[in-house]
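Single chain ahead, by itself, as structure tokens, in the form predicted on its own.
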């Protein structure tokens, strides 16, 4: 089964395909641009993105949105994570946190699927901490500064661990289980 995945990020497609392989699903990158609504909920961003792309191509499609929610920063950057990463990067986030002791954070991912029947959203999350400095060379985005709960390494230090336990993995697991059941 092939499923269109509207994204400009090939790493997200790769992560989806790690999960999809276990379900006989191949996620195929579709470079179809869509406006990202401004909303604090990644589910709404994924839902509206999937609806927009479906309306343009009239074929079933998924859109995925992720946010990094940092407790000490009142959930910032949240659903604006990609924009903030482009402006501040990991160094900027680390500078904002400075010597703050509370480094709790949560990654939340939402996969929005749209077909002729409407939109469904599947979420996944992983709690953890923001490291005091960048560590590791794997992954992308905030991976060098995010240490999942119960782990000692960042996602960038252990990409295999990220494949197994990430927020995106969980969202794709939920979506994949559902899509093969219908």
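Here the structure is a predicted model, which is why all the values come from computation and not from measurement. Numbering follows the first chain given and starts at 1.
In what follows, reference is made to the form predicted together with a small molecule, a form of this protein that is not presented.
For the three residues 41, 48 and 115, a heavy atom within 4.5 Å of the small molecule turns up in the predicted bound form in no case. Among heavy atoms of residue 157, none comes within 4.5 Å of the small molecule in the predicted bound form. Put simply, residue 181 is far from the small molecule in the predicted bound form: not one heavy atom of it is within 4.5 Å. Using a 4.5 Å cutoff between non-hydrogen atoms, residue 9 counts as a contact of the small molecule in the predicted bound form. Among residues of the shown chain, residue 82 is one whose heavy atoms approach the small molecule to within 4.5 Å in the predicted bound form.
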